[in-house]
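What follows is one chain in structure tokens, specifically the form predicted alone.
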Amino acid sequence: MSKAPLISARHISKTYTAKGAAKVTALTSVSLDFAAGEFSAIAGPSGSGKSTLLNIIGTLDAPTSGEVLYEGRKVSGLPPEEAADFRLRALGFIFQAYNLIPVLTAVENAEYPLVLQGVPAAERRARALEVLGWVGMESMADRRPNLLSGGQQQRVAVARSIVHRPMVVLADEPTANLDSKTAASLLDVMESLNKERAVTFVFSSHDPAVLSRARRVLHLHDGKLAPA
């Protein structure tokens, strides 16, 4: 019996209805699978639905129809508390705006998922310092975000996304606010984590630098998946 894919999205559609406005269809019957260990991207221009799809895969948004499964378990439609617990245990997120907590240092930001999980202080600090070392930020562990460059903040965000050993890291336009040299350096880090630490990455991006690194690119256009 073949092993279930890490992620399966089945016939995902998403329609938004703004008050007093016509319905807007963001996604139309999108189906795709991702296996463990992938370094893949969902590509498309602005408005193509790629961020919406990534949010649905990450249970941050719910599909209008269709379902999302992780290793054969349906996670779309979970009650809010169960969905939040699933995200905390199984998923890592990287956002284009970094989303670091300003009053926390780099190491405190990196260990924050472990705080939420109730991991003892000494263990979570050790794990946070370890992953900061993986992304080249251990020497800046005590700096707050306002003393870090954009690229350094995004490296801390990468560390935070992997510290709890998630099944997959979902990265939404992670290089959007970075110059090309900094973006390339960040992609080097994520490629290394994928190859050496077996971290699974799924990107949403229209950045050619990201798409050229991805080993598989899925293209969305007007909310529909283009034929392979």
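Residue numbers here begin at 1 and follow the sequence given. Values in this document were obtained by computation on a predicted structure and should not be read as measured data.
Although it is not shown, the form predicted together with a small molecule is what the next lines describe.
Inset, instruction - Name the residue from 175, 59, 200, 51 that puts a heavy atom within 4.5 Å of the small molecule in the predicted complex. - result: In short, 51.
Inset, instruction - Counting non-hydrogen atoms within 4.5 angstroms of the small molecule in the predicted complex, say which of 169, 163, 41, 26 makes the cut. - result: The residue in contact is 26.
Legend entry - Partner-facing stretch of 182-190, 29-37, 42-50, 66-74, counted where any non-hydrogen atom is within 4.5 angstroms of the small molecule in the predicted complex: Among the listed stretches, the partner-contacting one is 42-50.
Inset, instruction - Indicate whether residue 206 is a 4.5 Å heavy atom neighbour of the small molecule in the predicted complex. - result: Judged by the heavy-atom cut-off of 4.5 Å, residue 206 is in contact with the small molecule in the predicted complex.
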